[in-house]
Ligand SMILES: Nc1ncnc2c1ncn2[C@@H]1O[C@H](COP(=O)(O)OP(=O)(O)OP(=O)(O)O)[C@@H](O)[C@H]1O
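Quick heads-up: it's one chain on its own, the form predicted alone, in structure tokens.
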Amino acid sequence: MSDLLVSGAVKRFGDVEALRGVDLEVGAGEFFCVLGPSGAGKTTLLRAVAGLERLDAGTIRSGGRDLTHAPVQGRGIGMIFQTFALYPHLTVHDNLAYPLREARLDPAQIERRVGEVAELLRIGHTLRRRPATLSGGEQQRVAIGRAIIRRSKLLLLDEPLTNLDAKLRHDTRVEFKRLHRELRMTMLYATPDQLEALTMAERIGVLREGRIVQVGTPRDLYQAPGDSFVAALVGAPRMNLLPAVLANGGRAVALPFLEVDGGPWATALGRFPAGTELWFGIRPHDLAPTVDAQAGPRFRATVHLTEPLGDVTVLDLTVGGTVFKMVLPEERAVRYRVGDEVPVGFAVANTHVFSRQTGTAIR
């Protein structure tokens, strides 16, 4: 059963079309991420769901109700903003209590709920302090508390970790997952960070230039990207996308330094003419020195740069003018230096092919 259904959402700001017919369905109790680069329309979409922006076309339904033209106050939706948006002149206690006072709840009930939320978020020790005296992580928890204290069934989160340092981002990701599990609340989370989306979401909708281009689980988007945009967006380091053409009577993909055939895309390529321009995709984790690789295509590359990341190292490799990345465990990567020649191999089953004209995956 869906808790949020957005159909044909269109929103324009003058000549700019921020949303271009967005269709989105979020299940009850689901943690759903909208992933996209800056300017894709993520914030506009969440603001439209919250009622802060009026759609030019399309509908929004939640819990069986049509919210397209409903006032903000009547939607029963909580929202956490990127900037936290706390009231600086109020204590943490009063920031939390404010939505309940606006709803005219009984003072005893307000005190009980403030205490419950403070305990849930572990901010009881901050209740008498003002936001300016809190750390970034504490401010974030207060913002979360103010959004959930009215017990809304749907919570919108607009890039809520952007202003936190790396450790706090990690800790707060864990906190959001804990809250989702304990509150059983539907969460719609917007982020440009694929790591946040992959580690937190049950499903992800990829937003590009105001359109949802693919929806799936993190595994779906990583293993079977629908186009080259999703392939490059999901995964770190990003998928290697190498220029190629269809060759050998439509049976093989010719890279500048290698010809590959027999992949999961081979049959589908039969409907394209020879010479069709393609992108050949393979993830850096699926490349390996041939002593470690499965049977499959092999070639020799030169180490251009090494990027140690602790337990793994990213090797930037070159073959002629083609540059791509390979990821190795640190204990294997230490044997390679800049300028070394590496025999590289990969399993064809792990490769992808995309149309260079449209970006669409060919399977």
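Predicted model only: the values in this text are computed from it and were never measured. Sequential numbering from 1, following the sequence displayed.
Form predicted in complex with the named molecule: not shown, discussed below.
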Please pick out the stretch from 34-42, 60-68, 322-330, 303-311 that is in contact with the named molecule in the predicted complex, where contact means heavy atoms within 4.5 Å. 34-42
If we test each of Asp286, Glu159, Asp227, Glu175 for a heavy atom within 4.5 Å of the named molecule in the predicted complex, the one that passes is Glu159
None of Gln82, Asn248, Thr217, Thr199 but one has a heavy atom within 4.5 Å of the named molecule in the predicted complex; the exception is Gln82
4.5 angstroms heavy atom contact with the named molecule in the predicted complex for Ala18: yes
